[in-house]
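Only one chain is included here, represented as structure tokens and corresponding to the form predicted on its own.
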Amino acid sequence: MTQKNDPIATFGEALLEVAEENPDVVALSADSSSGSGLKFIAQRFPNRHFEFGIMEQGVIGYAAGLATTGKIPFVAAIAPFVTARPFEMVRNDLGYMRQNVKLVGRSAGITYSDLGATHQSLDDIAIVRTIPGFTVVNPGDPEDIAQATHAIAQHRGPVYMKIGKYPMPYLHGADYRFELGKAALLRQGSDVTLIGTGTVLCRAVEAAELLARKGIEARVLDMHTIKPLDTEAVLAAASETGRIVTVEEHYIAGGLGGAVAEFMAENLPTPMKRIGINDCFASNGPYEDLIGLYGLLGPQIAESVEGFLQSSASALSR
């Protein structure tokens, strides 16, 4: 887990590959092309790259129009500016009209750390997964990002994919194959399952390694697709390990933890803990400091899991 890669550049390079394979792929942004990995496609295919400036609502409508002509628009910009700001257009123009548009929210979560709550996206999964027909993807390592970019281009229908800002470690092996809607097993374990996603998946892996030193074997799942949720993997984890912990750089309300909890409550009630950010506007500052402030560092996750195992064991013994 030492080699790292820039997630935005990884996306941009993968999008160029997609564009070279399919002439219908076009790239759009709202005052954000240079920071969103679109320079590669702009240089190679300038006639298939469109920069709109600060016009987030308009770019969604334009993308929807392009989709009606058979194009496959990728709209990439800072995460809250392709989800929260133009939400009505995303819901109506893309979701309701079932347009084949791919939204890519970059510098997601709190990775746009210095600019604070206005540029952070801790609610994006929650709001987009309420839109019928939308697929929601949150890749957890560079290989996830690259393969997911190809997969969502081939998928018919609206998609939201979020990626972080800082270099991410490679977690998957050379034989890894990404599949929309199917979680990837990163580590076997029988005592508890950690379901991680996105930028903090690597923190969940680190936590599992720390727990193993204490004799606690944690299964780790890469839940890169949050909608549709891989319910088979969740059910198997719950029945085989008996306890579930979700880890995400998102509000615990409405994100991965919410999706898993909703499903488990109706299908197989299981002791569960959600690790994420509580009901607050996140602060600003250096990214690692913020991750630590909200308990998302590997050792903090391991400590939280250990406490959860102890408390759930006590509850079951009563």
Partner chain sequence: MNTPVTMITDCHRPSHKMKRLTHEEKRGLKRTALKLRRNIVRMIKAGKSGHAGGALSIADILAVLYFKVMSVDPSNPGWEDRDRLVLSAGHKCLGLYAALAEKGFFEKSVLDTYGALNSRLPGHPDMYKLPGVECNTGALGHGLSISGGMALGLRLSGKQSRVFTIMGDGELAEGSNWEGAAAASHHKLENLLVFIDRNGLQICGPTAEIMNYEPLDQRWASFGWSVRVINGHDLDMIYENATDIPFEPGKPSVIIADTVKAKGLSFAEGVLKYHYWKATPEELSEAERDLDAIERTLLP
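Remember, predicted model here, so these are calculated numbers, not experimental data. Numbering follows the first chain given and starts at 1.
Absent from the display: the form predicted in complex with the partner chain. The rest refers to it.
Asks: Does the partner chain come within 4.5 Å of any heavy atom of I54 in the predicted complex?
Replies: Yes, I54 sits close enough to the partner chain in the predicted complex that at least one of its heavy atoms falls within 4.5 Å.
Asks: Is P286 a contact residue for the partner chain in the predicted complex, using a 4.5 Å heavy atom cut-off?
Replies: Contact check for P286: yes, within 4.5 Å of the partner chain in the predicted complex.
Asks: Residue-level question: is T270 within 4.5 Å of the partner chain in the predicted complex, judged on heavy atoms?
Replies: No, T270 is distant from the partner.
Asks: Considering non-hydrogen atoms and a 4.5 Å limit, does the partner chain approach D114 in the predicted complex?
Replies: D114: contacts the partner chain in the predicted complex.
Asks: Quick check: do D31, F81 and L290 each get a heavy atom within 4.5 Å of the partner chain in the predicted complex?
Replies: Yes: each residue has a heavy atom within 4.5 Å of the partner.
Asks: Taking the partner chain in the predicted complex as the reference, which of R98, K71, R85, H150 has a non-hydrogen atom within 4.5 Å?
Replies: After the contact test, the surviving option is R85.
Asks: Only one of S190, N92, T118, T231 gets a heavy atom within 4.5 Å of the partner chain in the predicted complex. Which one?
Replies: When the partner chain is considered in the predicted complex, the option within 4.5 Å is T118.
Asks: Only one of 39-47, 247-255, 271-279, 54-62 has heavy atoms within 4.5 Å of the partner chain in the predicted complex; I'd like to know which.
Replies: This holds for exactly one stretch, 54-62.
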